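Structure 1 and structure 2 below are two forms of the same protein chain, each written out on its own as structure tokens.
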Structure 1
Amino acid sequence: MIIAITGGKGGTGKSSIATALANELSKRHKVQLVDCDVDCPNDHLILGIERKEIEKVYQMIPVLDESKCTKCGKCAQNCKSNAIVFVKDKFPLFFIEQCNGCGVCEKICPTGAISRGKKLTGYVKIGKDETSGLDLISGEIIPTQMEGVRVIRKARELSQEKEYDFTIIDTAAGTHCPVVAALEGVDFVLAVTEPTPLGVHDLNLILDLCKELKLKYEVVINKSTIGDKNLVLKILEEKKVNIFGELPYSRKIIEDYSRGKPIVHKNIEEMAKKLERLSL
């Protein structure tokens, strides 16, 4: 079973819930955790797992052969990321940092003046908790790089090479393309929120995304004993979405988190049991 842990707002405890559930399920099952928050992967820090690089991820970049270029400007006209600037009677200028590697410029060029180069955009790393047997796959983009989707898809691809009882996908916050890529093909989504106006606003966005993607989803309320839980309940009632579980605000949880320890709590145990029942 593939379960995604996501959330519209950063800081709601998404990674804390993902690592806690992966840790709890690994006591009884073969479990894999895939950290798809490639801008800032931190699951390995919470679990105290050392990672090693197993694969580099590259992005296509255009390379211009000026001897073949007729200065027609079609490459710039069709570049949706505005990475190509064209001035009449001049060779096009390519801004590689803006390029998303779609390859349209290569395909549209009538003289074959544009070929494929590549640049390093990120890495996939792996690690293992030797005590529990939990496997970790972690995607990580190079700072300043914009294109994280390729890294996420490579991490997801590598995660399918072995059989697991449970694969937990920890997505980035938000509803942008990297989150959509991380949610592709999952069986069930847990949207983590907190009972605050900001948390509820962004929960609304992530629930709309899950509905648009036709995914099965429920909500986990983190820090449920602070703030105004009624804000969350109102949204869930309007959208007819179930609460999967709650985790109270706890000093012990905060202390464990600061020491790099996964959450251990009876409510996490209950949520893990619910996932086990769903997988049957």
Structure 2
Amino acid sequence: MIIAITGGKGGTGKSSIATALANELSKRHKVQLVDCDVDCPNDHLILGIERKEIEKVYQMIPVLDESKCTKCGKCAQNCKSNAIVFVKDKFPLFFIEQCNGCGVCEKICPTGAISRGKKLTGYVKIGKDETSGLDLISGEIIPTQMEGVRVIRKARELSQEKEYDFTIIDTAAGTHCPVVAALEGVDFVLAVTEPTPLGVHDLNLILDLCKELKLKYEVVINKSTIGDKNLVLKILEEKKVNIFGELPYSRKIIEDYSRGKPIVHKNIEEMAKKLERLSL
């Protein structure tokens, strides 16, 4: 079963819940955690797992052979990323930092003057918690690079989701392409929120995204004993979405988190059991 942990707003506790559930489930099952928050992957820090790089992620970049180029300008006309400048009677100019590696320039060039180069955009790293047997895969993008989706797809491709009883996918905050890529093809989504106006605002957005993607989803209310829970309940009522679980705000949880330890709590145990029942 593939479960994604998302939530819209940053700081609601996505990574805390993802690592806690992965940790709890790994006591009885073959589990892996895929950290798809490629801009700041840090599940390994919470779990105290050391990672090693297993794959480099590259992006195609165009390379021009000036001897074959007829200065027709078709490459620039067809570049949707506005990464190619064509000025008549000049060779096209390529702005690699703007290029998303789609390769249309290579295909459209009538004289085959554009070939495939590559640039490094990120890494896939793996690690293991030796005590529980939990496997961790994390995607990591190089700062300044824009193709997070490419790194996420590579991490998920390498994660061999079918080999595991549970694959927990930890997504980034937001509702943008890297979140969509992390949610693709999952069996169940847990949207982690907090009972604050900000949490609820972004929860609204992520629930709309999940609906649009035709996923099954429920909500986890984190820090449920602070703020105003009615804010969350109102949205869930309107959207007819169930509460999957709650986690109170507690000093012990914050202290564990600050030391880089996964949360251990009876509510996490209950949520893990619920996931076990769902997977049957």
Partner chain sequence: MKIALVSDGESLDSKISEAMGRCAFFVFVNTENKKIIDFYSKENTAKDQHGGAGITAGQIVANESIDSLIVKNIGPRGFSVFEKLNIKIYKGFDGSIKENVEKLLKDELESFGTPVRRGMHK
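Predicted, not measured: the structure shown is a model, and the values here were computed from it. Rigid core here is just the name for the largest C-alpha set that superposes within 1.5 Å across the two forms. Just so we're on the same page, residue numbers count up from 1 along structure 1's sequence.
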Could you point me to the form predicted alone, 1 or 2?
-> 1
Tell me, please, whether between the two structures the C-alpha of residue 111 is shifted by 2 Å or more, with the rigid core used for superposition.
-> yes
Core-aligned C-alpha movement of residue 69 between the two structures, 2 Å or more = yes
